[in-house]
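Taking the form predicted alone, here's one chain by itself in structure tokens.
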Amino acid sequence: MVTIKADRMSAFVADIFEKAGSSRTEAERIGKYLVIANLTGHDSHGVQRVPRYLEWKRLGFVRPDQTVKVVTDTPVLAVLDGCYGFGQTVAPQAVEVGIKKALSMGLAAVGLRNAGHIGRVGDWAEMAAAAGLVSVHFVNAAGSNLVAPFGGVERRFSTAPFCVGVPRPGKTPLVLDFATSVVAEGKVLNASFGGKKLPDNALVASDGEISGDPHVLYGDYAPAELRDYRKGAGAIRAFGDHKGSGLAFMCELLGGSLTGTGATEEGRQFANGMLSFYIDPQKIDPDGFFSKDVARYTSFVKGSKPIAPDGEVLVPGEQEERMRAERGAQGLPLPDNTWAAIKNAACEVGLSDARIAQVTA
């Protein structure tokens, strides 16, 4: 395990993507958001993604420095084509459109189609919350068949994230952000590199055996090589039995079919689709009841007696806030195999051994 300060890692990732062909502005944006994912404890969406992003760029699956194209535009609705740009570039463009429309009209809906991997969806809920807006996001990943529906063993869903953000004046927002599978694929990836082990019920093999072994998803692999979920015969399981499976189905239809990305299917190019709704509390609630009741109810929920004597009831986003403070002070812990894979990627794009050595010096 290596531990690297966030600012060093962010700058290093930016150097990698600039060397790979992104503008410095985009490269720094990618570094920023990947490191934020690690800071908040979502290593699945953090810097371990660097080698995969670079592989997608080499294959033409993702394109540097894209500007979204407007497909549909009304005062309260937009559909935008991400043109397979890096998600860290096209997703904030889509969120900016939603924020502008919601602040003007009180309500907005924005569909983003054909985006590169948009990373941690909570970033976009936090962006909306910073503008004072409630937001709801339905996401799919076309071309990323990974999850078996309830009652099945074959892959039919992507991990189909769902996210809600609620602003709190003077406090960090409440952000609920999760994959509709037992774990996100990135957590399987992280476990395969020696990170946190998976729950024993996270995966299902083709014969129906429940497992927590990443080889079920990836097949055989060497320690630092790229993982390829197409080489495995098993699937990730939907969380919550029929409930998570049903929510995943709806994320595919709303984030995928309705945006024009398409619900996930085998053999097509990877793309995220995201359908987002934005609400301005000041327009729906001019008397200011909402923020006061959010504060009251949050305290009421947290005041529940914990099951464990030394336990605590947490609300959405609270664990991430604490982790951000802890890792911001101590640095980002990276499994040795993850760091080896990132260094290999840096070498492949042409960064010097001296620059790589600076990161952990």
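In this text, residue numbers run from 1 along the sequence as written. Quick caveat: nothing in here was measured; it's all calculated off a predicted structure.
Here the subject shifts to the form predicted together with a small molecule, a form of this protein not shown in this document.
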Subject >> Proximity of R156 to the small molecule in the predicted complex, heavy atoms at 4.5 Å >> reply: no
Original post:
Even though the small molecule is not shown here, does E28 get within 4.5 Å of it in the predicted complex, heavy atoms only?
Top reply: no
Original post:
Does A184 make contact with the small molecule in the predicted complex, using a 4.5 Å heavy atom cut-off?
Top reply: yes
Subject >> 4.5 Å heavy atom contact, R120 to the small molecule in the predicted complex >> reply: yes
Original post:
Out of the stretches listed (63-71, 310-318, 290-298, 325-333), which one is close to the small molecule in the predicted complex, meaning heavy atoms within 4.5 Å?
Top reply: 310-318
Subject >> in the predicted complex, the one of L77, V136, L176, A224 near the small molecule [non-hydrogen atom within 4.5 angstroms] >> reply: L176
**OP:** Note which of A141, C251, V95, A108 lies within 4.5 Å of the small molecule in the predicted complex, where distance is taken over heavy atoms; exactly one does.
**Re:** A141
